[in-house]
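Only one chain is included here, represented as structure tokens and corresponding to the form predicted alone.
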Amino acid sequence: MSELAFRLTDSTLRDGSHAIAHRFSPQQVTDVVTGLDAAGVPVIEVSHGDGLGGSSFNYGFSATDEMELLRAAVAARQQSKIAILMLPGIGTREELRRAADLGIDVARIATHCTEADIAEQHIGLAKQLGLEAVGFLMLSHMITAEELLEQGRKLESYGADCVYVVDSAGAMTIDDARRRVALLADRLTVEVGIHAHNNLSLAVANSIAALEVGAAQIDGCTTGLGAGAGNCPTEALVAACQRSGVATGVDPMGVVDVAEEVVRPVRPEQGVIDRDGLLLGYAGVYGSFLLHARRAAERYDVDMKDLLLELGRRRVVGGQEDMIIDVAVELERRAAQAQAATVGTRS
């Protein structure tokens, strides 16, 4: 595999925001960026977990305004590019302009995997602002490789420099990841990337499988810090590539040190695939739903397992966080009705 190489994007300071309820401080951003930059990580993504403008009642309020976090990231980097994520409809073009003014380099424009068309104006604006533009197709497991290709072609036509296969639920098997990335890499003229979550404990394997069939960009998060059961652990990915002779340009020990000394203390338990995290991948539920679902299950006294499985059956997608409450209320009502029927039968 020694001839293969890719560009690494570390998303600890964006996807990892989900895992800590969007509580990153400017000092934490400075420390993570300083460490990853020194280790040679090419791109570091910084945003609210749900992208620019995500700080809200629906998605969770940030402890620090994301523009302040971006300012800290840009000031701390020496050579790394700073990226942001933006979901049209959550973030606005004005927020993208503000981020560009602060000195970011890469705009990753994310849509549901069947809705690439809503990214056209935002990708266009990113290019006008002199930014690299990446199209991010979330929950890519929900449609076939052929359907994903059609969405990727739209992003390519809008000017995207790269199209990402995004396993937001951590639901893809190795074959799923390989098939989607291979088709897009073969048929698109732009680069293809993969963003993997670890709910089925396949994030590193899926990323390497994607690399073998043409992925040019791969995402990771130090310690796997991210939504759901977490992301592809950057340090494990870099170490596996090093062992396989794959060039990353990243110092494995430098990334390990950042993961263990800077990020691990933020959430020491991250990296354990518990029942809830595993169920997200099994049911195909959006990773960022995890904390919202746990709160709803506790509030309405329903089984978390039943809640996640029902959300999966309904194919609920990002942006439908309100459905978590609706489903929890419905499950609570069903339980009450079943209990009443049992009491009635006994009497």
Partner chain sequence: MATPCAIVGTGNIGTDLLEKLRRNDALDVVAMVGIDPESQGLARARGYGIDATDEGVDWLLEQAQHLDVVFEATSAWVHRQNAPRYAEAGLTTIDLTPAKLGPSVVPGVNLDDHLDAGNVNLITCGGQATAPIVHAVARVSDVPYAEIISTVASVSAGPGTRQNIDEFTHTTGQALVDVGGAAMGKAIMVLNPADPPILMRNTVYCALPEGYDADAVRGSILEMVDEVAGHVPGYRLKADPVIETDTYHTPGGTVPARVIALLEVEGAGDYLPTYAGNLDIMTASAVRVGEALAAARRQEVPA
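Note that the coordinates shown come from a computational prediction; the quantities given were computed from them, not determined experimentally. Numbering follows the first chain given and starts at 1.
Just so it is clear, the following notes concern the form predicted together with its partner chain, a form of the same protein that is not shown.
Query raised in the report: Is residue 247 a contact residue for its partner chain in the predicted bound form, using a 4.5 Å heavy atom cut-off?
Result: Residue 247 lies outside the contact set for its partner chain.
Query raised in the report: Does the 4.5 Å heavy atom contact test between residue 336 and its partner chain in the predicted bound form come out positive?
Result: Because no heavy atom of residue 336 falls inside 4.5 Å of its partner chain in the predicted bound form, the answer is no.
Query raised in the report: With the partner left out of view, is residue 55 within 4.5 angstroms of its partner chain in the predicted bound form by any non-hydrogen atom?
Result: Yes - in the predicted bound form, heavy atoms of residue 55 and its partner chain come within 4.5 Å of each other.
Requested in this report: Tell me, yes or no, whether residue 117 is in contact with its partner chain in the predicted bound form, where a contact means a heavy atom of each within 4.5 Å.
Outcome: Residue 117: yes, in contact with its partner chain in the predicted bound form.
Query raised in the report: Which listed residue (230, 91, 135, 193) meets the criterion of a heavy atom within 4.5 Å of its partner chain in the predicted bound form?
Result: Filtering the options by heavy-atom distance leaves 91.
Query raised in the report: Between the options 112, 81, 179, 153, which residue brings a heavy atom to within 4.5 Å of its partner chain in the predicted bound form?
Result: Exactly one residue meets the criterion: 112.
Query raised in the report: For the chain shown here without its partner, which stretch in 301-309, 29-37, 283-291, 57-65 has non-hydrogen atoms within 4.5 angstroms of its partner chain in the predicted bound form?
Result: Selected stretch: 57-65.
Requested in this report: Give a yes or no on whether every one of 185, 197 and 276 sits within 4.5 angstroms of its partner chain in the predicted bound form by heavy atom.
Outcome: So, no: the whole triplet misses its partner chain.
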